[in-house]
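Next comes just one chain, in structure tokens: the form predicted alone.
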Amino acid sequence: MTLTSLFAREEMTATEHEVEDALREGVSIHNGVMPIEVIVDDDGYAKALKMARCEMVDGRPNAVEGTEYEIECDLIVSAIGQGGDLSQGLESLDNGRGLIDSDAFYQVPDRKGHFVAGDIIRPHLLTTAIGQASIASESIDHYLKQEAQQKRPKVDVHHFELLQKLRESNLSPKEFDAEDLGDMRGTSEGDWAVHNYEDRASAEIISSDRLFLGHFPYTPRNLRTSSGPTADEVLGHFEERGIGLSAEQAVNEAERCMSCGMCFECDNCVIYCPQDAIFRVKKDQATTGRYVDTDYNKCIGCHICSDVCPTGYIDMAMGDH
């Protein structure tokens, strides 16, 4: 079997282990070449494929003159990508490649009320299409409500919402009446306030310099191994190729997680606060994302709690919230 690719090996749209598996199974790979012509015999059956070295210009392959050669064959399988059939009334949406363009909200540019998702944007994974459809459905909801679209975060995920967790635990803050209570900025006692609340929707990933790395000794990854057949064994081979982690390895790999940006209730902030300003929330008032509170009458803003936080969870807001 021979496989041809427009790209050099390091640029092929395949993982390295897939390429290695193919080579071990006896597949011959020709890199940086393009097909020129299918050569047929007198009966019209393919007998060879004429190839040539190619250069990529503006994303398109161009044959290098004088480098033509032939690969003898009796079966040719074409795998050259897909496009949509937009000839039934959707011609105006065609971007010239049989696909449809979209913006970050999966709306067709300059086509109000037109939304798109899936392989018609770019053939890819099923999970990619599902994710695009999730965003498109939100965009359609905003459109039907005539609401302005908000800028989507750089890392597009479903966000953890502390207020939602409080509602689930029947711990929602009470309604605030400004006329009755007046200006109560800085309170750590009012049950209408969510203490230590921070919206981190705009900062999904924290950098390593935010972590207290002294808490985390280096531990190597627990990598999966794989096995595959040779060219003599490949026919009729149905054994699993990817060898999963053992139960012990899976536990060890999970334990490598450093909970970046999340509180794992280590109590460092409680222990090291010189003013005893930080205290554990009572069990009947705690929920996910709400483990400690701060007594603002004692806090002097020394930042020690932030310095000793292993995961970078404590962010000293410097008065901007």
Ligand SMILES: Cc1cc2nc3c(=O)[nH]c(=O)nc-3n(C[C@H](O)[C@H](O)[C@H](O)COP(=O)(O)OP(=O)(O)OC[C@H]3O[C@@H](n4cnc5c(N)ncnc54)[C@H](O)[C@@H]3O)c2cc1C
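None of the values given here were measured: they were computed from a predicted structure. Numbering starts at 1 and runs along the sequence shown.
Form predicted in complex with this ligand: not shown, discussed below.
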| property | result |
| --- | --- |
| This ligand contact in the predicted complex: Ala129, any heavy atom under 4.5 Å | yes |
| is_contact(Ala117, this ligand) in the predicted complex, heavy atom dist at most 4.5 Å | yes |
| Partner contact for His124 in the predicted complex: this ligand, 4.5 angstroms, heavy atom | yes |
| Non-hydrogen atom contact Leu90 with this ligand in the predicted complex at 4.5 angstroms | yes |
| Stretch 267 to 297 - residues with a heavy atom within 4.5 Å of this ligand in the predicted complex | none |
